[in-house]
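Read the single chain below, which is given as structure tokens and is the form predicted alone.
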Amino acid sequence: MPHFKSQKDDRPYSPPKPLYEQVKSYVLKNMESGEWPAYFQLPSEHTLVREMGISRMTIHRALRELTQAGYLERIQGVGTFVAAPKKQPKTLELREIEDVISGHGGRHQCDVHFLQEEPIEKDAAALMAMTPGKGVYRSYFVHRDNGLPVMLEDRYVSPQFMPEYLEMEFTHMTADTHLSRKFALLSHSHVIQAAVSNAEINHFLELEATTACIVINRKSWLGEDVVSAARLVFPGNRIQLT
């Protein structure tokens, strides 16, 4: 009997992708190659079922998630199309806090003070375009630069768009990074204010006295839907935003 010498494969093991992720990869590959350009009408779900040998339920899930992420546009009774690129003027490019910190050689750390579902109050409901009392996800983080608190983040997130939000890990990746990785066509609006710290800010940012702060109110949109609304507070004597 012939003897075959086995060769060690040092590559890390990668488990096979779920079928719906394989469908998403197939669609995205066709878009990236230019085979399916903007406004291109995708084959019907029945056609994809026949060509890929995958159930219609799986195909439907993949197309639905790509639509939610902004890659596709589905028109009832007509079909599914590659979404057109949205060109929007950039009035402000806000760097992620970990990029600001690492940019000057610092070490970013995030303290999670709470991460929970709660009934949304009236003022926050207006920001999120939700009904007061409806369940919303809320997170309250303090970001540190080499141990020094430099940003307070109070954020609301829509459970409809981010049902996995409460299970995410935030010590090494910010909420905005999670959002941008999930939604390719996410857009933002900002309102920037000058303010002085109050007792809440002094406590969480460990300020010894009233301090001038920069407050950025950031809303993240997917189409016409609000995905997230956050209040970001920076003590002016501890960090410089460029």
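Rigid core (definition): largest C-alpha set, two forms, superposition within 1.5 Å. Only a predicted model underlies this, so the values are computations on that prediction, with no experimental measurement involved. Start at 1 with the first residue shown and count on from there.
If you look for the form predicted in complex with the DNA, you will not find it shown, but the lines that follow are about it.
- Ser44 is the sole member of Thr210, Asn217, Asn30, Ser44 with a non-hydrogen atom lying within 4.5 angstroms of the DNA in the predicted complex.
- With the partner omitted from this view, the residue of Arg56, Arg181, His203, His190 that lies near the DNA in the predicted complex is Arg56 [heavy atom within 4.5 Å].
- With respect to the DNA in the predicted complex, the three residues Val157, Asn198 and Arg231 uniformly fall beyond 4.5 angstroms at the level of their nearest heavy atom.
- Contact with the DNA in the predicted complex, defined as any heavy atom within 4.5 Å, is confined among 73 to 81, 107 to 115, 129 to 137, 147 to 155 to 73 to 81.
- Taking the partner from the other structure, the DNA in the predicted complex has no heavy atom within 4.5 Å of any heavy atom of Leu222.
- Although the partner is absent from this view, Leu19 contacts the DNA in the predicted complex, with a non-hydrogen atom inside 4.5 angstroms.
- For the stretch 197 to 215, the set of residues having any non-hydrogen atom within 4.5 angstroms of the DNA in the predicted complex is empty.
- Core-superposed comparison between the shown form and the other one: the C-alpha position of Val23 differs by no less than 2 Å.
- With the core superposed, Asp176 shows a C-alpha displacement below 2 Å between the shown form and the other one.
- After superposing the rigid core, the Cα of Leu48 is displaced by 2 Å or more between the shown form and the other one.
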